[in-house]
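Single chain ahead, written as C-alpha cells, the form predicted alone.
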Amino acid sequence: MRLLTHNMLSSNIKGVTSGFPLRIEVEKMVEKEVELNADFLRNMFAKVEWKALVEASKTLGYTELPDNVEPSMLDSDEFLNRFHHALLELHLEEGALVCPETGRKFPVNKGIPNMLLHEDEV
C-alpha cells in the first residue's frame, strides 16, 4: 500500500469522529521504483494532508520530507524527488492501520488494506 493510499483512508467505524490519520504498524515495508511524474505530483500536492504524509513516511523509516511546505517548493527538483519517493515508492507490504480513536486494527496483507467493518461497527 502506497502512502498516497494511506493519505486518503480513514476509519469509518460508527461513532468515530476523528478517524484520520490512521496510525501505521509496520511488519514489512518495501520500496518499489516508479517513474517520476512531476505534473501528477503538482496536482496531488493540494489534495495530500501533509502532516499525515510526513508522519507516515517517518513510520516507514523515511525522514527526508520537510515538516512544513508551501506550493513554491514544487519548483524544486529535489523536493519533487523526495515527495515522489514518499508518496509513491514506499509501500507498506505487511502490517496494520490503526484507528486513532478506537485503536481498531485494520490488517494490511500483501500491500492490500482490509478496511471491512465488523457488523457491530456499521
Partner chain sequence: MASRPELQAPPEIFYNDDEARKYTSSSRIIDIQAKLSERALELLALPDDDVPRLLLDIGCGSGLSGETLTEHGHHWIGLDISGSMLNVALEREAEGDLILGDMGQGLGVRPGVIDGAISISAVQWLCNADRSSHEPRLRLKAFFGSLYRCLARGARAVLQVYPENLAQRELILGSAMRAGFSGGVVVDFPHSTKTRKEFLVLTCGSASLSSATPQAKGEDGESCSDDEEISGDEENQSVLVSDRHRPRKKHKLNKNVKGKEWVMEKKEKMRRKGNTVPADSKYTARKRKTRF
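Residue numbers count along the first chain shown, from 1. It should be emphasised that the depicted structure is a prediction, and the values quoted were computed from it without experimental measurement.
Keep in mind that the form predicted in complex with the partner chain is not shown, yet the notes after this line are about it.
- request: Only one of 27, 78, 49, 64 comes within 4.5 Å of the partner chain in the predicted bound form by heavy atoms, so just point that one out.
  value: The residue in contact is 49.
In the predicted bound form, residue 99 touching the partner chain (heavy atom, 4.5 Å): Contact check for residue 99: no, nothing within 4.5 Å of the partner chain in the predicted bound form.
message: Would you classify residue 39 as touching the partner chain in the predicted bound form, given a 4.5 Å non-hydrogen atom cut-off?
response: Heavy-atom contact with the partner chain at 4.5 Å: present for residue 39.
message: Under a 4.5 Å heavy atom criterion, is residue 88 part of the interface with the partner chain in the predicted bound form?
response: Close contact exists here: in the predicted bound form, residue 88 approaches the partner chain to within 4.5 Å, heavy atoms only.
- prompt: Taking heavy atoms and a 4.5 Å cut-off, does residue 18 contact the partner chain in the predicted bound form?
  reply: Although the partner chain is absent here, residue 18 would stay clear of it in the predicted bound form, with no heavy atoms inside 4.5 Å.
- prompt: From first to last in sequence, which residues of 5-42 have any non-hydrogen atom within 4.5 angstroms of the partner chain in the predicted bound form?
  reply: Read in sequence order, the residues that approach the partner chain (within 4.5 Å, in the predicted bound form) are 5, 7, 8, 9, 10, 12, 20, 37, 39, 40.
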